[in-house]
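Okay, so here's just one chain, in structure tokens, the form predicted alone.
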């Protein structure tokens, strides 16, 4: 997990509640955040996979992108098709530098309201450790076209797991007909919500933006349900790793292109043809010829889990890559990792080695994700 430790850590509207519930608080993205509660990371992880876990993600950056044509303007800094983004949908994308490296990954959506009204602006959610720089990059690159309206007065929470939908729908019945990547502005819990059916665990669930003044009340309403438990950053990290999802600052940074990172889906076909986004020359070339390195999923066959920074070697012992995220999978009961290796070694079933405390351990390239996603998609 990316962390920084400024002299004074920021807090979220839920910080006091975390402390009251016995959470162990750690510095993360400039905030004091719960890494785990009394149950511990393993139990929190498995509870989320089996029931419903509730996460405070209020450190993330929320903003509205407003202007005459914010959808088309946004395409100047990302490789996705946002002009064609349907009302009520959100899309994963990456903010790019001029050499095609990833400044951050983010969600951008067009929430609909109950009366069918759709604002022309984009609702953005970016990573907490990156948000100040992200918003500055967007403001600088799109100066005169858009305004970035930061939503500092809103909290953000995520509820994830196979029972999450039923819990939310008991309070917000209109959320029942939402599917993966839908986003709406609607009333719920007695306040105004911006709610999307999405998350960072591979499970079904919702991310819910609420006024900061209502955060504790909504949080406690959800936790009053026996199916729901609060979950810390430790389990959030192991859950996203099992889901094969990248973490900025570890698997993604300004040297990594979306093609290297296995995010080619974020570069829409029409944008590939137009080549009008930052770093297009590099990205289009990598799409055509292949990148110099690729992200793979590794399962450690014997020994301790390989952590970030561990070297990856081929069967002959030659160092060929590096682990960018790694840990123990509570569901698979094995070490798993994301790593960059040469494209020739990306084939599922390829045998490699991870170097843990100077000792080579056998590992195998496996399909992504490690644990199947359970998103709810539209049928037909």
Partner chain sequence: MRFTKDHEWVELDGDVATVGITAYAAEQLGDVVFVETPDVGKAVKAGDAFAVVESVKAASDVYAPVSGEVVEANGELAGAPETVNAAPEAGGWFAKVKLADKAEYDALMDRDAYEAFLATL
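Positions refer to the first chain, counted from 1. These figures come from a predicted structure and were not determined experimentally.
Not on display, but discussed next: the form predicted in complex with its partner chain.
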Exercise. Is there a non-hydrogen atom of residue 10 within 4.5 angstroms of a non-hydrogen atom of its partner chain in the predicted complex?
Worked result: no
Exercise. Is residue 303 close enough to its partner chain in the predicted complex to count, meaning some heavy atom within 4.5 Å?
Worked result: yes
Exercise. Wondering, does residue 328 line up within 4.5 Å of its partner chain in the predicted complex on heavy atoms?
Worked result: yes
Exercise. So in the predicted complex, does residue 35 come within 4.5 Å of its partner chain, heavy atom to heavy atom?
Worked result: yes
Exercise. Has each of 91, 268 and 373 got a heavy atom lying within 4.5 angstroms of its partner chain in the predicted complex?
Worked result: no
For this session: Work out which of 42, 348, 319, 68 lies within 4.5 Å of its partner chain in the predicted complex, going by heavy atoms.
Result: 42
Seminar exercise, completed: Exactly one of 234, 244, 278, 249 comes within 4.5 Å of its partner chain in the predicted complex through a heavy atom, and that residue is 234
Seminar exercise, completed: Partner contact check in the predicted complex: of 234-242, 112-120, 260-268, 150-158, the stretch with a heavy atom within 4.5 Å of its partner chain is 234-242
Exercise. What residues, if any, in 350-366 have a non-hydrogen atom within 4.5 angstroms of its partner chain in the predicted complex?
Worked result: 357, 359
